[in-house]
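Here's a solo chain for you in structure tokens, the form predicted on its own.
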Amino acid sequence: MIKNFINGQWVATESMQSVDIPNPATGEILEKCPLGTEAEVAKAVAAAKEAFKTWRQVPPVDRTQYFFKLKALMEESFEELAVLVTKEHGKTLVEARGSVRRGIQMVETACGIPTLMMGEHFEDIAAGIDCKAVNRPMGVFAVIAPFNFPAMVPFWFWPFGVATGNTIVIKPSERVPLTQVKVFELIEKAGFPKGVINMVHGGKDVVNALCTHPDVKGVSFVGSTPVAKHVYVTGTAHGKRVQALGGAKNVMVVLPDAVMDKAAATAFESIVGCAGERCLAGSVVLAVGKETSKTIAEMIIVRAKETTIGNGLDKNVQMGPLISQAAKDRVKGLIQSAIDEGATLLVDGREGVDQMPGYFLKPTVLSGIKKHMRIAKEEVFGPVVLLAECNTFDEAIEWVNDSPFGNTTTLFTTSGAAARKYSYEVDPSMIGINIGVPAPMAFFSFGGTKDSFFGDVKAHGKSCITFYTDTKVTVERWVSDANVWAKS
């Protein structure tokens, strides 16, 4: 049974409940994850609250030294971390390495916190009156992470929260906690003071305890839209700042002037990469015009049939399994619902996988997708390519904006005018032009809109300073005493 990390120590759980952590490619049980309790959350928050008293006083240039050490340790353990990600999540080793690299990039960006956190000062806002603004840490923050990127997503949040002077309690997904256990071993080795960063394993009870604890100032969350909404509503009802990143339905529009082979390859990789289990994955490939639709479909069908699935540790494998049997069954159900509603099955990824160990599906390709279909409205989170067609560019933009989600979208074109129009008119907050996965780097802000994001301040980039600090403004006037100066 893996342990919690509270106040600088590895602590055995008090809970009698746990869940297995299977390797989704083999079914092998890797470990057990405890389903922690409200009391364990209380201990972690108390440790973080106490640590905040001294951590907030550490100069930012000194706080960053821990991050320089952690970055070096993560580089040394890079391959070990990537292998852990593949074992507990299932994604290929190449994909796992990419996610670990993204996590390290967040740590690198946090090293620049002395510059990022700078306030403002202005002399003589009125005669003899000056004004200054500083960004101050607030206290204890919670991070609630999803299963799909065990090495990366927690780093979207906690390095910035800690670098700005706050303290943190992290709840990794109970499905994939092993990577974070290794990360915390590196955190411990880097020498972060006791109580600054804590970890409590668990499920719904731990989530609710973090969202309602009176000493938690804010919550950062990534997960499905229903849970994101629950975290947002619960957290804000208890007076907390909340940034809750939810689900997506990312449409990829292909114009007739696009470079077709590159558009097809990019769209396909976007959809089936990480077996489709990422909030930035493409979903609907919306072709403008019949010729465009026919060309894209032919190219994607070839790629779908040629994709090799298997254990992500095998260098010849191009796509790994889904996270669980439940996830596999849900995706299969969505595929069948599309067929029942009139979609055409071009490649059936359900064939020949049930005899394999683990939770595998091959890429599926469906054409004739209409907006009203269930599969066109729900997040699939699996390797399913949905091919749709419309007559005009404006119809494509309308399709994108009709979705209740607003995470990302992509346009394939060689026209700068079309790209500008698309960027100007579509609702999603993260837009790709000839890019399959428009994931902003650590120094840009990250987050969607509509049902893909609940909150006011997004993740990393400059937004992290806004979320993790309170701006304190001082207006001051100093009046000289002529008699005092004369006596001196």
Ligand code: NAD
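So that there is no doubt, residue numbering starts at 1 and follows the sequence shown. Quick caveat, the model's predicted, so the values are computed rather than measured.
Heads up, the form predicted together with the ligand isn't pictured, but that's what we're talking about next.
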{"item": "Complete contact of Pro146, Arg175 and Phe381 with the ligand in the predicted bound form (any heavy atom, 4.5 Å)", "value": "yes"}
{"item": "Of Ala267, Val219, Ala248, Met74, the one that lies within 4.5 Å of the ligand in the predicted bound form (heavy atoms)", "value": "Ala248"}
{"item": "Proximity to the ligand in the predicted bound form, single hit among Cys279, Val140, Ile187, Val285 (heavy atom within 4.5 Å)", "value": "Cys279"}
{"item": "Listed range touching the ligand, judged in the predicted bound form by heavy atoms within 4.5 Å, from 77-85, 308-316, 146-154, 334-342", "value": "146-154"}
{"item": "Any non-hydrogen atom of Asn401 within 4.5 angstroms of the ligand in the predicted bound form", "value": "no"}
{"item": "4.5 angstroms heavy atom contact with the ligand in the predicted bound form for Phe446", "value": "yes"}
{"item": "Partner proximity in the predicted bound form: Lys204 to the ligand, non-hydrogen atom cutoff 4.5 Å", "value": "yes"}
{"item": "Touches the ligand in the predicted bound form: Lys91 (any heavy atom, 4.5 Å)", "value": "no"}
{"item": "Residues of stretch 209-241 in contact with the ligand in the predicted bound form (4.5 Å, non-hydrogen atom)", "value": "Phe221, Val222, Gly223, Ser224, Val227, His230"}
